[in-house]
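We begin with a single chain expressed as structure tokens, specifically the form predicted alone.
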């Protein structure tokens, strides 16, 4: 694509580029500075088409290698626009920023992180006004229901923080709207393949009970996007038959995922962290991870920078889970999904959660059953898995009732069974054969490895 007066190339070919530490002129937002993206639908007379404003220091005024706040406020107008499309346009901001050669956009909502590389700066990309003009052209070109658009960037810290606060209130309003609708109430789910430039085999299934992994697209948002832009990244999924209610397996989701992943995946369980789990992209807001030492699930998000009881940080776990893979025991999720009545329903739901950062616990405190609030451990108590086990037992957490002793007799039976299969073991089938549940079998496997019976 050629854009008049834009000093760098623009096109889908640049989506997926990575700008590493040491190669960027400036970075904006991320963990070190406040940032948020917010889109609002307005009346035609409220939007000055093509207007771009920068409030705070511009790229050319920023210290080389520095990190600055980044608020992006987009106002749009059009005859067919309504509020349901705001979050859809907001999410496409990620895609279109990455169309700009030399710009990298990661994450979403109030977790956005932008880098502008040295080469783009040297070519003349020294102002966010250039980024704004490129975004306006891309949005209007790709989404013809947008007739007028203006963009305001906030790099002043106080102004950016004000936008973040306002944006969070609006995010909450959007999310709350979808909480009373459930999978049984609708005929269609929706899919998103926006992240396939980063995760080619990933297809996001969005249902009333499962918001997008990035946390920015509800079922209502996806429905609106698929309606106005049928050739875009959002598409309807006829839900088909519910063949496994506990795990959340729908024939329509399986068919859509198989088609859209090129046959790489053909079976998805929506509400579990084990076996045929939903794939993870790279933009997920948080992760659910299984800890066999306590037979429980931990939760961690991008805002947490320390280690988890799993022994590693969010970024290390994210590297294991992302890319469109099905990695048993590690699942990309949105924090809002923790509020869903179907949250990890097959695994015990919130009663299976044993650890999360304090800030997540505070954020979703109203969604945690009262009897569990004091039983879920945070980093303020421990990040050591042995201490976590002791703490869960002393607090009477429900998972402690699941713990069982690995006897020599059970080890012998397990070894005999594994040998009989030639080493090709499916956890669920093995657990049934041994008379234990699937998670206890995983704990048994760990003991076999500890005893060096299994490699």
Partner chain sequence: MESRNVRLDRLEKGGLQVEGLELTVGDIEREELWDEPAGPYHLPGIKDLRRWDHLLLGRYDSSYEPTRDVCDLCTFGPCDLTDGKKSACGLDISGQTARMNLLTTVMGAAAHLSHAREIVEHVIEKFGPDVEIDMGSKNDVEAPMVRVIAGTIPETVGDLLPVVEYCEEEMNHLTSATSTMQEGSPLEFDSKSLHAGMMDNLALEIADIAQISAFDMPRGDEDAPLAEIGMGTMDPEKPVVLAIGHNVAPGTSIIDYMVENGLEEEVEVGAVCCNAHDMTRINPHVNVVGALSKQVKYIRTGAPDVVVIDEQCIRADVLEECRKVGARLVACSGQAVHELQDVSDRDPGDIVEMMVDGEDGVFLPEIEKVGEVAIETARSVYEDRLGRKAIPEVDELQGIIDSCTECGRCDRACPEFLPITDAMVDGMEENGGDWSGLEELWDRCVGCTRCDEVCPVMDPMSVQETASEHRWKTERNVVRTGRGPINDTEIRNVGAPIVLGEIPGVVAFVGCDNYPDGGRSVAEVIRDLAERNYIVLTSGCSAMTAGDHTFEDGQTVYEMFDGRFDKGCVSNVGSCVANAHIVDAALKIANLFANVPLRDNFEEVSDYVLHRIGAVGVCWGVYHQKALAIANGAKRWGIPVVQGPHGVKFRRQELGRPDLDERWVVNDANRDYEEVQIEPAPEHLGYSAESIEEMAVMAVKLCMRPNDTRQGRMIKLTNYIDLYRKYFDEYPSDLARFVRHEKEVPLTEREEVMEVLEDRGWEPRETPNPTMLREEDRLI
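Residue numbers count along the first chain shown, from 1. All figures in this text were calculated on a predicted structure; none of them were measured in a lab. Note that the rigid core is defined as the largest set of C-alphas that superpose within 1.5 Å between two forms.
Only in words, not in the display: the form predicted in complex with the partner chain, which the text now covers.
S.K.: Residue 451: heavy atom within 4.5 Å of the partner chain in the model of the complex?
M.R.: No.
S.K.: How about residue 274 - does it come within 4.5 Å of the partner chain in the model of the complex, if we only consider non-hydrogen atoms?
M.R.: Looking in the model of the complex, residue contacts with the partner chain include residue 274, since a heavy atom lies within 4.5 Å.
S.K.: Could you tell me if residue 147 has a non-hydrogen atom within 4.5 Å of the partner chain in the model of the complex?
M.R.: So residue 147 does not count as contacting the partner chain.
S.K.: Under a 4.5 Å heavy atom criterion, is residue 427 part of the interface with the partner chain in the model of the complex?
M.R.: So residue 427 counts as contacting the partner chain.
S.K.: Find the only residue in 269, 198, 235, 343 having a heavy atom within 4.5 Å of the partner chain in the model of the complex.
M.R.: Filtering the options by heavy-atom distance leaves 198.
S.K.: Go through 78, 349, 323, 208 and name the one with a heavy atom inside 4.5 Å of the partner chain in the model of the complex.
M.R.: Looking at 78, 349, 323, 208 one by one, just 323 meets the 4.5 Å heavy-atom criterion.
S.K.: Among 363 to 371, 162 to 170, 325 to 333, 147 to 155, mark the stretch whose residues have heavy atoms within 4.5 Å of the partner chain in the model of the complex.
M.R.: Correct option: 325 to 333.
S.K.: For the three residues 15, 138 and 438, which mark the spot I'm curious about, does each lie within 4.5 Å of the partner chain in the model of the complex through at least one heavy atom?
M.R.: Yes.
S.K.: Going through 96 to 121, which residues have a heavy atom within 4.5 Å of the partner chain in the model of the complex? Please give them in sequence order.
M.R.: If the 4.5 Å heavy-atom criterion is applied to the partner chain in the model of the complex, 96 to 121 yields 96, 99.
S.K.: Once both forms sit on the same rigid core, is the C-alpha displacement of residue 235 at or above 2 Å between the shown form and the other one?
M.R.: Not so; residue 235 is displaced by less than 2 Å.
S.K.: Taking the rigid core as the superposition reference, indicate whether the CA of residue 403 shifts 2 angstroms or more between the shown form and the other one.
M.R.: Residue 403 C-alpha, core-superposed: shift of less than 2 Å.
S.K.: Compare the position of the CA of residue 331 between the shown form and the other one after a rigid core fit and state whether the shift reaches 2 Å.
M.R.: Shift of 2 Å or more: no.
S.K.: Relative to what we see here, could you say if residue 281 and residue 95 have their Cα atoms closer or farther apart in the model of the complex, with a change of 3 Å or more?
M.R.: Farther apart in the model of the complex, by 3 Å or more.
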